[in-house]
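First, one chain by itself: the form predicted on its own, in structure tokens.
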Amino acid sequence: MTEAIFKTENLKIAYGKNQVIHGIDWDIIEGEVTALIGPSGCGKSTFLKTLNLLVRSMSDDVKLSGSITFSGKNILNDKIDAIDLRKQIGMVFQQPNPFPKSIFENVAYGPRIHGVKKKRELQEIVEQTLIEAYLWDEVKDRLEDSALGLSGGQQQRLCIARALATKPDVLLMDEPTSALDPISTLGIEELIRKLEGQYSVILVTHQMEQAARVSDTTAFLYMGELIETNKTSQLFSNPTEKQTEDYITGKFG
């Protein structure tokens, strides 16, 4: 039986008087790779950044209503600690954003913040997480070098390792390959597939081909509304909504 890692009910998001998400009801399935597609400005990134409450940190005039249930709690409740929440819900952004620190310190940063102090324990976390991110073999002899010296693809895998170092349940990815070359993109896509089952991955992508390659479920957002969600193969081969069909066949976008 599949369970929902997130359950949104009548979720509405507005910046001041500008409503960007209009009452979304959606169960996001645990352990899957879920892709969000839709034209620019349709609310994909805003929705994604609400799942870990980052949207509140980025804007003073954001207004959230409805509910998002995660681990049995409505995270829109004011009593939720956003820092603790982000330990469970990691995030990777569009542009690789390593800290201007060593490769080791980039990965150790999150565990340190959450109370891990022993050097041996940190070393184990760093090694294991870099292995998970398929970066260990490339950097194991240069852990004290600056992360800024890595290639773009390596930097993005390092950012994924940094997000995984706190052992989250969920990994949010906001167009993680849009700034990368085709070879690096392929490497990140392979990594996403390998994370499936270990983590719930929610991926915003502007590339429908990428959604088709890496996701189990795809959702189509348009003008702040969830138009359709289905198994990826079904949504792309036999969409039930005309708006979805028009988008994936290139009639608009």
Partner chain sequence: MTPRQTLTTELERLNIEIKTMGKLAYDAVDQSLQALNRQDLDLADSVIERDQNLNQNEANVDEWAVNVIATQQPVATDLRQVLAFIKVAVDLERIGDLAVEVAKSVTHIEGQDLANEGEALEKMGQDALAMIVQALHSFRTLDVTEALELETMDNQLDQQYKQMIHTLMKHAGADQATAPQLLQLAYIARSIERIGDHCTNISEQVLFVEKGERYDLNS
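Positions refer to the first chain, counted from 1. Given the structure is predicted, the values throughout are model-derived calculations rather than measurements.
A second form of this protein, the form predicted together with its partner chain, is not displayed here; the remarks below concern that form.
Visitor: Could you tell me if Thr249 has a non-hydrogen atom within 4.5 Å of its partner chain in the predicted bound form?
Guide: Yes, Thr249 is a contact residue.
Visitor: My question is simply whether Ser237 lines the interface with its partner chain in the predicted bound form - judged by any non-hydrogen atom within 4.5 Å.
Guide: Looking in the predicted bound form, residue contacts with its partner chain include Ser237, since a heavy atom lies within 4.5 Å.
Visitor: With heavy atoms only and a cut-off of 4.5 Å, decide whether Glu209 touches its partner chain in the predicted bound form.
Guide: Because a heavy atom of Glu209 falls inside 4.5 Å of its partner chain in the predicted bound form, the answer is yes.
Visitor: Would you please decide whether Asp25 lies within 4.5 angstroms of its partner chain in the predicted bound form, comparing each non-hydrogen atom pair?
Guide: Contact check for Asp25: no, nothing within 4.5 Å of its partner chain in the predicted bound form.
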